[in-house]
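What follows is one chain in C-alpha cells, specifically the form predicted alone.
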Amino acid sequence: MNSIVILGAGNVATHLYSVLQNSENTSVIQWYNRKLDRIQSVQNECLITDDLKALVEADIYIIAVSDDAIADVSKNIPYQNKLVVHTSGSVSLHDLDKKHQRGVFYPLQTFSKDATIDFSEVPICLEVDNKTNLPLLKTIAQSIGSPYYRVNSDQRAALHLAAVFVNNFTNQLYRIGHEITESKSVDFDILKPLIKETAKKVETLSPFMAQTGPAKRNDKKTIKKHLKSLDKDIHKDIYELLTKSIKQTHGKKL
C-alpha cells in the first residue's frame, strides 16, 4: 500500500483526501494545512499537522496548495530525495525544490467542496523528472479509477489555458444567461437541457461541427435584436466579441 501525505486543504486537496483514503491501494497517513481547523474533522482517520517540520515519512507527498505557495511548501518539506508532486495545471515541474524527486499529479476537473466528484471522469495529467517514478503515479491514478495521461509542462499549461475557456469562461456565460432570465422572471432551469445537450454533442462532434446559432448563420437581424435587448455594456461587449469570433471561425463576413 502506498503511503501519502497531503499538503493543503482547498477544494482539490479535500477531494483527493477523500478518494485516496477510501482506495484499497493507498493510505493518507498525514494531512498538513497551515490552519489546523480546516482538517480537524479527520483527526481520527490520519495524523494532522500545521507544522511542516512535523511531517512524517511517506512514499509520496502531494502538494495541493495555491500556485504561489507551491515552491515554498516544497522547499520546507524536511526530507530529501522523496517523491514530491504538485496538482497545479499552470506551475512548472521545476518550481518544486530540486532536493526532491519531482512530479506532477494534475487532476483536470473543476472541484467544489460540496459537489460530489466521480474520479473515473477525472483525467490525471502526469509528469516526472525521473521516469522511474512514473509507475507509482500511474498506480495511484489507477487506484482511484482515473484515466491518466503523460504530458509535459508545456502541454499541461495549454490544457489549463483551454480549461479556463471551456470551464471558467463558460460558467460565467451561464451566469450572464441566468441574469438575463432573471431580468424577465423566467426560470433558468428551462435552459438546462440545452446546456446538457451542448456538452453532450462535443463527445461525438468537434466544437467546429457542433456550432449553431445566429453568428454562424450570419443572422444580422437577430444579432442586432439581441444587442438591443442587452442592458449591460459588458454583456454587449461579450456578445459582440464572441459573435465576431464565431464569424471568423466559420468564414462569415464581419
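Everything numeric in this text was worked out from a predicted model, so none of it was measured. So that there is no doubt, residue numbering starts at 1 and follows the sequence shown.
Here the subject shifts to the form predicted together with a further copy of the same chain, a form of this protein not shown in this document.
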- Task: Among 97-105, 134-142, 156-164, 72-80, mark the stretch whose residues have heavy atoms within 4.5 Å of a further copy of the same chain in the predicted complex.
- Result: 156-164
- Proximity of residue 25 to a further copy of the same chain in the predicted complex, heavy atoms at 4.5 Å: no
- residue 43: heavy atom within 4.5 Å of a further copy of the same chain in the predicted complex? no
- Contact test in the predicted complex: residue 53 vs a further copy of the same chain, heavy atoms, 4.5 Å: no
- Would residue 201 show up as a contact with a further copy of the same chain in the predicted complex if we use heavy atoms at 4.5 Å? yes
- Message: Between a further copy of the same chain and 121, 211 and 239, in the predicted complex, does every residue show a non-hydrogen atom at 4.5 Å or closer?
- Response: yes
- Contacts from 164-179 to a further copy of the same chain in the predicted complex (any heavy atom within 4.5 Å), listed N to C, are 164, 165, 166, 167, 168, 169, 170, 171, 172, 173, 174, 175, 176, 177, 178, 179
